[in-house]
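Taking the form predicted on its own, here's one chain by itself in C-alpha cells.
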Amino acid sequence: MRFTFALAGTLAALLTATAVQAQDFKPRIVRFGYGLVDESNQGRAVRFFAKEVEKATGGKMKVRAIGNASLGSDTQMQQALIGGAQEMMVGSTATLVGIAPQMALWDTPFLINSAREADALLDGPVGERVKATLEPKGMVGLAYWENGFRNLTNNKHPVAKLEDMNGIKLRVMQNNVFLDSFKALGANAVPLPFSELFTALETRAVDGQENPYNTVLSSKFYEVQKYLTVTNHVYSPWIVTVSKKWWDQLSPAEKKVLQDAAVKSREFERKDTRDEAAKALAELKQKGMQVNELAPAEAGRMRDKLTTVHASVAVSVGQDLWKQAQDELAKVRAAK
C-alpha cells in the first residue's frame, strides 16, 4: 500500500512539473531574419537554431527563418528589433557600430590572426563586454557566429601589392572603420547595403567587394567578379540579436531556451563555416576566378598604412577595452 501511495505521489509530482513547464512556454511565432540566401552557412545555422527551439519547447515556440534580406538590410532589421516590430536576426557586427560604438573593435584590420584567437576573444570577457553594450540600445546579443576572414575580389586586376588598390571602386559595409581603412589603402570606398551588392557588381557601379569565401560562393559573386586576392584583412563575426522589447516579455524558461539554442547553433555554424571555407576557395577557382595570395611583406605594408585607423578604433571603443583585447590576444598567442 505504501508503495502505491509513493508511486501515486511521484506521478502527481511529475504531472505538476510538466504542467508548470508547459505554462512556461506560450505559443509564439519568432521571425528570425538574415541577409544571405537560404542555402548559405547563415541559412543553415538559422534552421538549426529553429529546430533546437521547437524541440526544447515542444513546438510551442516556432521560429520562422526568413533569409535573402526579405525583411530588409541588416540596418533595417536592427531598427525593426529596436522598435519591437521583429523578434530576431543575425547579421554583421559592423552594421551595429552606429548603435554601439564598441562593436568597431571587430572591424579592426589585421587584429585577429586565426580562428583560435577569434573564438577566445569573442567567447571570453571581451566579447561579453562588447555584446552587453547592445542592451541599453534596445537589442540583446545572444551569441557570436562566424562570417570568417574577409578577402578581396574585383574586376580590374589582381591585387598583388599595396599600389594595386589605387582607384578600385570598392563596396564596403556602411561603417566608418571599413571606409577609413580602404581609403587609407588607396581604394575608392563606396558604402552599400549587402542586399544591393550583386546588382552593383553586375552593372559595374562598383569594381569589387570584400567578403569571406563562403559568402562569395553562396552569393554567386564569381559570376560578376574575376579576381580574388587572399588578404585575410579582417576577421568578421556575425551576432545573433533579439529585440529587447520582445525579450522582456518572455519567461525565464523561454529566455534560457533561446540562449541555449544560440550557443548550440554557434558551435554548429562555426564548424560548418570552417569546413565550407576550404571547399569554397577550391570551388571559386573551378568557377573561373583568378586567385592570388597577398605576400606577407605586402600585408605588412598595408598594416603599416592602417596605424591611424587602429588608433581611431582605440579611441572610439575606449582605451580600456582596446587594451583588454590586446592583452587577451597576447595571452592566447603566448599559450601556443
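Please read all numbers here as calculations on a predicted model, not as lab measurements. We number the residues from 1 along the sequence you see.
Heads up, the form predicted in complex with a small molecule isn't pictured, but that's what we're talking about next.
For a residue to qualify, one of its non-hydrogen atoms must sit within 4.5 Å of the small molecule in the predicted complex; all three of 35, 92 and 211 qualify. With the small molecule left out of view, the stretch that reaches within 4.5 Å of it through heavy atoms in the predicted complex is, among 170-178, 225-233, 108-116, 245-253, 170-178. Interface membership of residue 147, defined by any non-hydrogen atom within 4.5 Å of the small molecule in the predicted complex, is confirmed. At the 4.5 Å threshold, heavy atoms of residue 182 stay clear of the small molecule in the predicted complex, well away from it. Although the partner is absent here, residue 42 lies within 4.5 Å of the small molecule in the predicted complex, judged by heavy atoms.
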